[in-house]
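Okay, here we've got a single chain as structure tokens, the form predicted on its own, with questions on binding and movement later.
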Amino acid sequence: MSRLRLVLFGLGAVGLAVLWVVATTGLPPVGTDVHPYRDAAVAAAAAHATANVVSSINFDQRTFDTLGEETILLASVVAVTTLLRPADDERVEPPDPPPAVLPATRLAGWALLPVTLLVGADVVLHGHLTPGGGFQGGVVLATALHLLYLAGSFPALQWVRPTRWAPLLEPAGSGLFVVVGLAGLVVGAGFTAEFLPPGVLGAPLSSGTVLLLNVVAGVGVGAAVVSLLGQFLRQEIVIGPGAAP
């Protein structure tokens, strides 16, 4: 078995080395003023009226890679949900009374909840204009809800958290990502190609499909993180030893 592992490792290492050589051959030398990838990315962002060049790269030039990342996140949610199902020797039980929390901590948790939700929405909706985007804003939106847990109010978190439809939003976000990609293919430009009017550079409604994909990713990522944290907290708080009912 150990020899087989070494053989598999050797094959993988050789393949990785070959791919690395192919990928790096012909790159411009370090320390010069020749930066073809930078120039191409900036030119494409300007052409599609995307003020945030990073978002233009993620949701325009390399949108297919971003779709892969979204799919990996979906697979992670499915895996965690499957692994953390109550086992035969576990059962769902009412949560213990929450530990005492300082009044200042409880007040901060409740006060920061709407503020954090607004910040998350702002990061998602302005990802094509300023640093941020759907992935970052989705995480902020999801963690905002879990400020209630830090404030010592797990019952309130259970009431606020969309446990019923959050698991459906992540695959829906991935599916909409594919739909937008197919729409670019239908118009003849190619999968995930730009097919919406770019608008005016710097305007809230600009950058064409970059804005749309930012919103789709924000919904999917936010729902995925809600589902992940919900599963871990459920396993820790309401799943206990004993035969499952």
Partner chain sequence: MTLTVVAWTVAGWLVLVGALGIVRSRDLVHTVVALSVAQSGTYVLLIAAGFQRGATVPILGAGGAGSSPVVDPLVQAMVLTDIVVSATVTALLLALTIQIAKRHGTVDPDELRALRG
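Residue numbers count along the first chain shown, from 1. Basically, rigid core = biggest C-alpha set you can superpose within 1.5 Å across the two forms. This structure is a prediction, so every number in the text was calculated from the model and none was measured.
Another form, the form predicted together with the partner chain, is not on view; read the next lines as being about it.
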Next item on the list: Go through Leu118, Ala79, Leu102, Ala111 and name the one with a heavy atom inside 4.5 Å of the partner chain in the predicted bound form.
Entry: Ala79
Checklist line | Partner-contacting position among Leu182, Ala189, Leu27, Val200 - heavy atom within 4.5 Å of the partner chain in the predicted bound form | finding: Leu27
Check: Would Leu168 count as touching the partner chain in the predicted bound form under a 4.5 Å heavy atom rule?
Finding: no
Notebook entry, point to check: Does the partner chain come within 4.5 Å of any heavy atom of Thr143 in the predicted bound form?
Noted result: no
Next item on the list: Could you confirm whether Ala172 comes within 4.5 Å of the partner chain in the predicted bound form, counting heavy atoms only?
Entry: no
Next item on the list: Examine Leu147 and determine whether its closest non-hydrogen atom to the partner chain in the predicted bound form is within 4.5 angstroms.
Entry: no
Notebook entry, point to check: 172 to 180, 37 to 45, 189 to 197, 205 to 213: which one contacts the partner chain in the predicted bound form at 4.5 Å, heavy atom to heavy atom?
Noted result: 37 to 45
Check: In sequence order, which positions of 109 to 129 have a non-hydrogen atom within 4.5 Å of the partner chain in the predicted bound form?
Finding: Leu129
Margin query: Taking the rigid core as the reference frame, tell me whether Val200 has a CA displacement of 2 angstroms or more between the shown form and the other one.
Written below: no
Notebook entry, point to check: After a core superposition, would you say Val34 shifts its C-alpha by at least 2 Å between the shown form and the other one?
Noted result: yes
Note to self: Between the shown chain and the other structure, the Cα gap of Gly31 to Pro131 differs by 3 Å or more. Is it closer or farther in the predicted bound form?
What the structure shows: closer
